[in-house]
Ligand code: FAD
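Next up: a single chain in structure tokens, the form predicted on its own.
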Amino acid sequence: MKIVDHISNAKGKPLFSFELLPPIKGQSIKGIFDAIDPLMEFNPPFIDVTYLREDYIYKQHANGLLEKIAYRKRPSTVATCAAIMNKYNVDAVPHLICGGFTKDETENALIDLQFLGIDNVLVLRGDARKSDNSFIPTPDGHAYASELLQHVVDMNNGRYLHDYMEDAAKTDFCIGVAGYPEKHYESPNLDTDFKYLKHKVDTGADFIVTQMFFDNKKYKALVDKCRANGINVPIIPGLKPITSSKQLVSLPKIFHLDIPMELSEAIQACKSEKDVKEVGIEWMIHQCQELKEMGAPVLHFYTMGNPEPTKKIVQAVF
């Protein structure tokens, strides 16, 4: 089922969903099931599975020369989605990224997803490789999420890359895009960032999932601005509790977000990492309760394969 239909069928009641990483290459799918099982009692209608771009490793040969080798650490997004759908009978939402794929490879992947019965995709540019200072598009691949989005929209209208295809079957994907309550780090300002978001919705995005945030006023400001400018698709807040003191530095550094003074001071006053986790969970419980009152359609958690904090939050909120 499409995410917009799940939301419509809920008739205003907020839903719970979460995101996880596919297994590291060489690991069993059991680790994924172990991360999902504790959360299934809360009846998530869908589960997101991320996609990570290939990176490079260097292999040293006997002669001392280094060989640069492309390596995808977590290669099984599509298979993980299929496994989740088969085991739990819920919708799986694969992330679709620009980096690492040519346009032809993207099109073939979308055909595979359609044949597997996957109804939803989350369209993203994706991050730069760790070895690159900035995002570098794959040759003959998409450079921007808006281009990738247009590709999916075209296929939904029966238009494929190669115009010699006659009577091509239309795909029927419900398409999500990213939104940034605190702007994308490459945007010069919030207004420019919003312009790009509106362009994606005008192109055909069906729902928005936000970057994580810890100040609900920023989510509300994004929603209000969207509604005032004719963007009426569901806006799903992305959420993650702080669970370690190191995240006071790592989360702003990686995700370019602000942590409210009240939260950062409470964490800095903790005497142990256990206390930090409790403070982070309590903050997120309060944040989720506010978001429910604001009318957030779904509370979507970035679990990173660790279900315990999310379970405690959802038990308190739903």
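Keep in mind that this is a model prediction, so the values were computed, not measured. A residue's number is simply how far along the shown sequence it sits, counting from 1.
Although not depicted, the form predicted together with flavin-adenine dinucleotide is the subject of the following passage.
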Kindly indicate whether 214, 257 and 267 are, all three, within 4.5 angstroms of flavin-adenine dinucleotide in the predicted complex, using heavy atoms.
-> no
Decide whether residue 50 counts as a contact residue for flavin-adenine dinucleotide in the predicted complex under a heavy atom distance cut-off of 4.5 Å.
-> yes
Using the partner position in the predicted complex, report whether residue 120 sits within 4.5 Å of flavin-adenine dinucleotide, counting heavy atoms only.
-> no
flavin-adenine dinucleotide contact at residue 18 in the predicted complex, heavy atom, 4.5 Å | no
Taking heavy atoms and a 4.5 Å cut-off, does residue 115 contact flavin-adenine dinucleotide in the predicted complex?
-> no
Would you mind picking out the stretch of 103-111, 137-145, 83-91, 152-160 that comes within 4.5 angstroms of flavin-adenine dinucleotide in the predicted complex, counting non-hydrogen atoms?
-> 137-145
Checked 229, 203, 247, 187 for heavy atoms within 4.5 Å of flavin-adenine dinucleotide in the predicted complex; positive is 187
Only one of 242, 124, 223, 175 has a non-hydrogen atom within 4.5 angstroms of flavin-adenine dinucleotide in the predicted complex; which is it?
-> 124
For 202-227: residues with a non-hydrogen atom within 4.5 angstroms of flavin-adenine dinucleotide in the predicted complex?
-> 209, 210, 211
